[in-house]
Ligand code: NAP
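Here's a solo chain for you in structure tokens, the form predicted on its own.
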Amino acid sequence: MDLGLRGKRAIVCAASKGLGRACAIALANEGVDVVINGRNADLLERTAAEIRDATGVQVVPVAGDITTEEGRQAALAACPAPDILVNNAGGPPTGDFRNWSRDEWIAALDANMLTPIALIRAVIDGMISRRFGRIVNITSGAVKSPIPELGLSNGARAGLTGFVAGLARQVARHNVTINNLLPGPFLTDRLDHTLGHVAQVSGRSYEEVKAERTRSNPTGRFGDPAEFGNACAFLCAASSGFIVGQNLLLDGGAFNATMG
């Protein structure tokens, strides 16, 4: 299926590994030139080379922390008029809300709510003027089914979801769509960290917790990041302009509901 994206330009945040990397690969496979961001310059360079060699598209790595003004400006300088923006940032730490300070809450809001809003603000008027734009925010399955130890993430990402719900309806008439992708348990470093935390507080082994979590999923497995990347590319397709303000949950059916 041709998604009609060849020659488009994208910024993919936090794309040196994990779900961001998977999204960058999927878009590159569709002929999209990508600017990828990440904090680890060496890892980012390797990822850029791998994508470039595999797809032949232009891949520009921009090292920096996307949750800072400097990091955002560097990414935007490399691609000032993107057709596609994939917002992504590492989640805040796990823990008990009784132990979190105001500074930790502000850091979570900065990373997982205010940073994507700042990037949307920077690119959306250009998308409107060009009559094409696709914005995908990587949030979390916790938006629909909160995870107790991820309270910082639950709160910050829910705030972004509420903001996007209103803005998406304002810009859809210009062929600019904003949607959210909500990952469940995918094979990433973040999942490893979460499972490790659960193991620690429950007094069980990591292997036991991982096996239990796998068995509890209707698919009997964790997700492959490539599956997530393909879903992102689909939401960015030229033919996906009627998908507006949605929260697409990719969790193997773990969230049990008749209607999402």
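So that there is no doubt, residue numbering starts at 1 and follows the sequence shown. It should be emphasised that the depicted structure is a prediction, and the values quoted were computed from it without experimental measurement.
One more form of this protein exists, namely the form predicted in complex with this ligand; it is left out here, but the text below deals with it.
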property: Contact segment among 159-167, 139-147, 78-86, 100-108, judged by heavy atoms lying within 4.5 Å of this ligand in the predicted bound form; result: 139-147
property: In the predicted bound form, V209 touching this ligand (heavy atom, 4.5 Å); result: no
property: 4.5 Å heavy atom contact, D33 to this ligand in the predicted bound form; result: no
property: This ligand contact at G184 in the predicted bound form, heavy atom, 4.5 Å; result: yes
property: Contact of R9 with this ligand in the predicted bound form (heavy atom, 4.5 Å); result: no
property: The unique member of T67, N230, N217, T55 whose heavy atoms fall within 4.5 Å of this ligand in the predicted bound form; result: T67
